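Here we start with a single chain on its own, the form predicted alone, put down as structure tokens.
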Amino acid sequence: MTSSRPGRTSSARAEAAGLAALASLVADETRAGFLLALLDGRAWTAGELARHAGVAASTASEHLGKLVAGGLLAEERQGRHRYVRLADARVAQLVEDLAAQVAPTAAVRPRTLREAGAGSAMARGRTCYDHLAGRLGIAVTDALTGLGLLRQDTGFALTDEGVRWFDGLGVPLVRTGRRPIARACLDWTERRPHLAGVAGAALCRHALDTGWCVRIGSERAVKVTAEGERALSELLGIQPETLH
């Protein structure tokens, strides 16, 4: 009996092969660790990533070559040093979205007090590529929504008042390419969406440039300073105790 189902087109086969290739890149624990580390938005050397993952430099170089060839990382060289970073915001979104799908029960219990402290700091506040995440990111997103500056009912979108709020803050929202002004990004620790997109990146950059937040540790954790607590309280009504 002959099947009436049509065979896959060459386009469908190519898409399937591409998806399988992408999945295989992320499915290695060392490469996945590199991608998560690079969510801090900074460029890392191959040696730094090797030490972070606890692998030999030659092993790190091999994995990085695959990630660069696969389009997930961009590479640049300065003298003898080789730097890599996530290729673009779309890759960052992919990595963060995949990380958010990991069930909380699958999380590994910290082995030391230092690991526990680092995990607590990341949950409290961190960067997710180029925007704020963790309880800090959620608090900012909730405050913007509560003040009518951000809408979440039909997807994330700044209101006209929200655009004026950013202008008044001296933070221009310059859209480049296809990146949206506002986008929801599922927070992998809070299990709720926080603000990403052009607005999320601009606000994060402003928070770091003005000293509202400072980076702590060697990963993506950030800490709100006393100046930042005052600014977030005055501008968004965020109470300092919610940031601790």
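The first residue of the sequence shown is number 1, and the count goes up from there. As the structure is a prediction and not an experimental result, all values here were calculated from the model.
Only in words, not in the display: the form predicted together with the DNA, which the text now covers.
Residues within 4.5 angstroms of the DNA in the predicted complex, judged by any non-hydrogen atom, belong to 26-34 and to none of the other stretches in 171-179, 26-34, 202-210, 185-193. Shown alone here, residue 57 lies within 4.5 Å of the DNA in the predicted complex, counting heavy atoms only.
Using a 4.5 angstroms limit between non-hydrogen atoms, residue 42 is distant from the DNA in the predicted complex. Using a 4.5 Å cutoff between non-hydrogen atoms, residue 135 does not count as a contact of the DNA in the predicted complex. The DNA in the predicted complex comes within 4.5 Å of a heavy atom belonging to residue 82.
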